[in-house]
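Form predicted alone, single chain, as structure tokens, below.
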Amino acid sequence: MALKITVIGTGYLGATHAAAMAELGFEVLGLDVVPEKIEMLRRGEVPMYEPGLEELLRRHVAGFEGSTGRLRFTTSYEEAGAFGEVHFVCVNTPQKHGEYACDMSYVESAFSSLAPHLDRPALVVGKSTVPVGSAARLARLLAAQAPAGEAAELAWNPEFLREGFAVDDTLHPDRIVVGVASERAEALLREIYATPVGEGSPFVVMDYPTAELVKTAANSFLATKISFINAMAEVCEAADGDVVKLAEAIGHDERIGKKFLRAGVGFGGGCLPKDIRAFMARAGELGADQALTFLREVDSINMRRRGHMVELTRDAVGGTFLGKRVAVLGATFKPDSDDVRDSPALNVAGQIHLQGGQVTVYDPKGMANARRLFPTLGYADSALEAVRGADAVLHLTEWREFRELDPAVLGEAVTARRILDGRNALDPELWRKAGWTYRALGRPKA
């Protein structure tokens, strides 16, 4: 008989995980404390844009014609405790306001709310990104507060989802990492992940602290790689070099690889920025702060790119934004997502607006979220509408739609044919042939 699984927290991570567990054949109950979110999921709708997730959800949510009915949702911890044998905790761990450290209040609330309802053997599996040392403390909390005592075990199973690829990353992960304290916990997780393991996904078993460190270590490495190529872009600009060709050349080295070597306005989103900052904060608490001082420069380089894009734009329009119109193509921190958290594109747009520029933004999926975060910016319903009357156009999120734009058509709508490619993703020759002045970070002016 298939295991019964609950998923605590039905945001980006939880909704994806719940739908994927149902796809793998398990009976799943998703829980959230926000009733509106639960109602939306019951209707087969997702609270965010993620390719393929809504279709996967509707294949399993109870009540849809042709659905397996394996996936239901609730707001009741009592119901979740009675239903599940394995409970995945997928709540958010945002950065604390005014600090580098992460806010553990949602995780702690989830554990404290679930534990009193665990009156039989159960496995609680943390998937949230937490400071190292949290799992051991939460394991003690479970044992103390659950009626089942030590039979309510803990495991840690970090997530490695890429926004835009979350469904595939959950069903076909490039690795499955589990931190466990018993053979029973390992056996249950092997049962849950039997299908992807059978397809070749590595199953890596370790202790709690190492499992907690894997996600932050991976994100720190990726952030470092991005900031490295952006630092090289600064050098290329000073030396009149071409960072795109430089990245291509070093990317052929198998020890380095080509991924994450595209220079631009830097990284954003809900993971990399807050994870590296929380990692630094936790290292300081452990007395190992010197080991991660390099991450301060990684963060600094990343934030500097945004300011540099503003400076390039100001120079391009004559030294001042007053009376100038700027079109920004992109609002999300990356394509194939509607996530605008810590978005470089919106940060740049906001800075230009504060300096007196009239800014109009267009994004294929992130408009609603962008409007909520930056209500004072202008917004358009299409790229063509956004660039109308613009003195400069900024390409800041590498959506495929933007790469396929016709420079000649856009050229008829702008006041001046100036484009600044903040993602090094457009074809310079194509734009220049259409009469545009093309400028990109880390590349020669012509």
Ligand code: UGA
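Just so it is clear, the structure is predicted and the values come from calculations on it, not from any experiment. Quick note: we count residues from 1 along the sequence shown, nothing fancier.
Omitted from view is the form predicted in complex with the ligand, to which the following refers.
- The closest non-hydrogen atom of F160 lies within 4.5 Å of the ligand in the predicted complex.
- Within this chain, G366 is remote from the site of the ligand in the predicted complex, having no heavy atom within 4.5 Å.
- Under a 4.5 angstroms non-hydrogen atom cutoff, the ligand in the predicted complex lacks G179 among its neighbouring residues.
- Although the partner is absent here, E237 lies well away from the ligand in the predicted complex, with no heavy atom inside 4.5 Å.
- Distance criterion of 4.5 Å from any heavy atom to the ligand in the predicted complex singles out N219 from the list T93, N347, T360, N219.
- For the options F267, Y77, F111, F279, the residue carrying a heavy atom within 4.5 angstroms of the ligand in the predicted complex is F267.
- Contact check at 4.5 Å (heavy atoms) against the ligand in the predicted complex: none of V317, R388 and R418 pass.
- In short, of 287-295, 185-193, 329-337, 111-119 it is 329-337 that has heavy atoms within 4.5 Å of the ligand in the predicted complex.
- Looking at 228-265, the residues that come within 4.5 Å of the ligand in the predicted complex, counting any heavy atom, are F260, L261, R262.
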